[in-house]
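Consider the single chain below, provided in structure tokens and representing the form predicted on its own.
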Amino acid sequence: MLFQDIKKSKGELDIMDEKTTILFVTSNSGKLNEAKLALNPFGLNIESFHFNEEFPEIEEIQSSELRHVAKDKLRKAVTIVKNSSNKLGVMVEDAGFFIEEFDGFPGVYSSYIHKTLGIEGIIKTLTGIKNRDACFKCVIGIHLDGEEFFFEGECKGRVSEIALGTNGFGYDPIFIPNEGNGRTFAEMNSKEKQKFSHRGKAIESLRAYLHERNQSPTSNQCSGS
């Protein structure tokens, strides 16, 4: 039965029908892989929507709230992939890296700052500063049966003094979660990171909600969070 905690062979996952497929509208392979890792074991197939000249990447609105960005992004995504209505759902995600000393900056601008300043630049800005507390936040938006649902996750920790580890992506080499024995996300394997990460927590909320829908991809008996 769908969403049961049972082991499935790769062959079984490969032949799942369209009604077990969630189309994840993202160009970030790291986010895609983490979603697959979390949801595939429960009978859900996660596919990436491929952007092209006809359907370029979604332009994000300027907002200080992740949820506002995720909501706008989801509505645009549903419009773009309207021909994929045979899927179980369409999903988007918005996440940010929030540094306490900088009043939460870069936050919703994390992707831009990572591209322009880089993680070494973040380390330099914190030189000599004792308060290195930070957190990752994530909002997942999913469109199911004509309705929108949102699921949030947060992971608190601190910024390391040097980049450590080669796994993960983004700010992972400089973020040490409060859980995880003092290692950065980049020093953990994917399954370890999933236990503590903001994305892992948001995905778990999504999985729990889907489970509550009577383990049926077509049931609509529960309200979203």
Ligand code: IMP
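Residue numbers run from 1 along the displayed sequence. Only a predicted model underlies this, so the values are computations on that prediction, with no experimental measurement involved.
Missing here is the form predicted in complex with ligand IMP; even so, the following discussion is about that form.
When contacts are judged by a 4.5 Å heavy atom cut-off, G170 counts as touching ligand IMP in the model of the complex. With a 4.5 Å cutoff on heavy atoms, K156 does not count as touching ligand IMP in the model of the complex; it lies far away. Remark: F151 does not count among the residues lining ligand IMP in the model of the complex, judged by a heavy atom distance of 4.5 Å or less. Contact check for H198: a non-hydrogen atom falls within 4.5 Å of ligand IMP in the model of the complex.
Contact with ligand IMP in the model of the complex, judged as any non-hydrogen atom within 4.5 angstroms, is confined among 74-82, 125-133, 106-114, 141-149 to 106-114. Though ligand IMP is absent from this view, in the model of the complex it lies within 4.5 Å of a heavy atom of just one residue from I99, L88, A95, M91, which is A95.
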